[in-house]
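In structure tokens, the next block holds one chain alone, the form predicted on its own.
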């Protein structure tokens, strides 16, 4: 097993992306290499400029969603994209866009935030994730 954590980022809501960013930061700080595989709504969230306007909260948060966002604003918690950028400065982090999802959405790598490193197929990601110590789906 590689000293790596692989995250499949399926959700595009701000609360779940904050969980992705927090887990990534923690893992990088502990010396793990982190790989994010962006697909479906998670990929949509990485469109250039989307992070600044995405204030959606998952239905899992229920009535607590708006209060969570307000507390984050009051406490000046950095946004999920900023947190991921900081994690990249701390250690090894790679962000991959799902090739099939990009094609489905008529998008290109250039349409995504610069933090996204490259486009890969699902088989490539699964092969790498199978060698990871930790694999999560968010």
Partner chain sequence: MPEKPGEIQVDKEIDARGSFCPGPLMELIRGIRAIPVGGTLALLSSDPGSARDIPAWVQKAGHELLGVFPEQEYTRFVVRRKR
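No experiment lies behind these values; they were computed from the predicted model shown. Numbering follows the first chain given and starts at 1.
Omitted here: the form predicted together with the partner chain. The next part is about that form.
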Q: Tell me, out of 61, 100, 77, 109, which residue has a non-hydrogen atom within 4.5 angstroms of the partner chain in the predicted complex.
A: 77
Q: Have a look at 90, 67, 104, 55 for me and say which one sits with a heavy atom within 4.5 Å of the partner chain in the predicted complex.
A: 90
Q.
Would all three of 25, 29 and 86 be in contact with the partner chain in the predicted complex, where contact means some heavy atom lies within 4.5 Å?
A. yes
Q.
Tell me which stretch of 46 to 54, 33 to 41, 109 to 117, 69 to 77 has a heavy atom within 4.5 angstroms of the partner chain in the predicted complex.
A. 69 to 77
Q: Within 4.5 Å of the partner chain in the predicted complex, which residues of 118 to 138 have a heavy atom? Give them in sequence order, or say none.
A: none
